[in-house]
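A single chain, nothing else alongside it, follows as structure tokens in the form predicted alone.
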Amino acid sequence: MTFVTRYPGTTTVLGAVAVLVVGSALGLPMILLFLVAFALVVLGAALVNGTYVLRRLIVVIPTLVIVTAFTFYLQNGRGNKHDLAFNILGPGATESGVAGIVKQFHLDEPLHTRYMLWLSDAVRGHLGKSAISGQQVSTAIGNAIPVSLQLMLYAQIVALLLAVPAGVYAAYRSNKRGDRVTSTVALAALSVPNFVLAIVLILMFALGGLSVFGHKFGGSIFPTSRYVPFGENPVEHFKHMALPTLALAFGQAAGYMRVLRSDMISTLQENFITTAKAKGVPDRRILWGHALRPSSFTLLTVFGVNTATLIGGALIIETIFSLPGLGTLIGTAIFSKDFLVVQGVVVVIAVGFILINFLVDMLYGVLDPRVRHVRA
């Protein structure tokens, strides 16, 4: 209890991690888990420094309005009302259908009025109905988001599990053979596009393996496609998610490792590290107990920003592995010219990116002592 009262921010962050891990193991809805974890981190930051949270909220709220308005304009600002109605209905549009769409979406109103009407519906979860499938856009996105969230979460976890030990080791062995080998492997991983890596992984671990100079590597270990919900069969779920997770994680891990290595090398030259060495503190404790935390703040920033690249990479990876996530949804919508689905997914991705960066700011407020004491 004393730890909770002394470190409320750290406690809430640990609680958020526990919610994600335990909730995923129990098969609870991923959207609910992320919302609860998000709320816990914001609560922890508010307990540490409420002024800091308020200042960030003052920036985030108008940013959300500007981004949604810009996205709405890109989809609705070109062409007259009949052109927009034909785009929504598709090639099978009729005059009566066009008139109905004009009335339903207020296409005869000024653009700013239509945006405010759309925004009032969007904040209540109403993003329109697909003219192609007849399904509510919010329902389609709600079905796809958990798959993408799971893929992104697994990829980030695997990336960190690979990057943190490698980055710490490379910094400890700076400019020595171990550092050079680790950095070379990281550079090679950064150079391979994730969709190329996905194909190699499929060939090596799903389609019988690869033969190199007469030696066979790999086998038929993992399935190549299909999505199995965690609640239906946890073992099959992870088997089907393994290859797409690795395809996304390797490039992320290489970037994280290079960032952490650079910051760790600088940290290991600080006076407090020299003092710890003079006191006879073991190297392992210096690396993991003294140097890692102050070296992780740049990594935290990159972690948040890289979520955008994960979303972009997921579009291709989900298509390759037949995962019904946001990437597959928006890809299908683009090719079928499903205007409302494209608009809805783009808005959700943009808002998600802003909120994730806001979450990173909150983590800074919790973990970085320099930020905790920021005042307005």
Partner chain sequence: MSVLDVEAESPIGIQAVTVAETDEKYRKRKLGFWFWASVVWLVLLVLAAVFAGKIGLQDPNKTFRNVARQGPSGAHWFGADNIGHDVFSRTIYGARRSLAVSGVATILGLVMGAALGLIAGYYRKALDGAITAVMNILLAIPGLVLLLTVIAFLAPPGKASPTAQTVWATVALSVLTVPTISRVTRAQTMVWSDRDFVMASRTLGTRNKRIIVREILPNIVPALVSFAFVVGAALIIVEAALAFFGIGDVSGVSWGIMIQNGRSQLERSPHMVLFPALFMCITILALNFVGDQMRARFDVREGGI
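Rigid core here is just the name for the largest C-alpha set that superposes within 1.5 Å across the two forms. Since the model is a prediction, treat every value here as computed from it, not as a measurement. Numbering follows the first chain given and starts at 1.
The form predicted in complex with its partner chain exists for this protein as well; it is not shown, and the discussion that follows is about that form.
Q: Which residue, 202, 246, 140, 152, is the contact with its partner chain in the predicted bound form, using a 4.5 Å heavy atom cutoff?
A: If I apply the 4.5 Å criterion carefully, the residue I get is 202.
Q: Just to confirm, with a 4.5 Å cut-off on non-hydrogen atoms, which of 233, 120, 191, 113 contacts its partner chain in the predicted bound form?
A: Only one listed residue qualifies here, and that residue is 191.
Q: Okay, which stretch from 155 to 163, 192 to 200, 140 to 148, 238 to 246 lines its partner chain in the predicted bound form, with non-hydrogen atoms inside 4.5 Å?
A: Result of the contact check: 192 to 200.
Q: If you check in the predicted bound form, is residue 282 within 4.5 Å of its partner chain, heavy atoms only?
A: Yes, contact at 4.5 Å.
Q: Can any non-hydrogen atom of residue 334 be found within 4.5 angstroms of its partner chain in the predicted bound form?
A: Yes - in the predicted bound form, heavy atoms of residue 334 and its partner chain come within 4.5 Å of each other.
Q: I'd like to check something about residue 35: if you look in the predicted bound form, is any of its heavy atoms closer than or equal to 4.5 Å to a heavy atom of its partner chain?
A: Residue 35: no, not in contact with its partner chain in the predicted bound form.
Q: State yes or no: in the predicted bound form, is some non-hydrogen atom of residue 269 no more than 4.5 angstroms from a non-hydrogen atom of its partner chain?
A: Yes, residue 269 sits close enough to its partner chain in the predicted bound form that at least one of its heavy atoms falls within 4.5 Å.
Q: Any chance all of 74, 319 and 330 sit within 4.5 Å of its partner chain in the predicted bound form, going by non-hydrogen atoms?
A: Yes, each of 74, 319 and 330 comes within 4.5 Å of its partner chain in the predicted bound form.
Q: Which residues, if any, of 160 to 178 lie within 4.5 Å of its partner chain in the predicted bound form when only heavy atoms count?
A: 172, 173, 174, 175, 176 sit within 4.5 Å of the partner.
Q: Does superposing the core leave residue 328 with a CA shift of 2 Å or more between the shown form and the other one?
A: No, residue 328 moves less than 2 Å.
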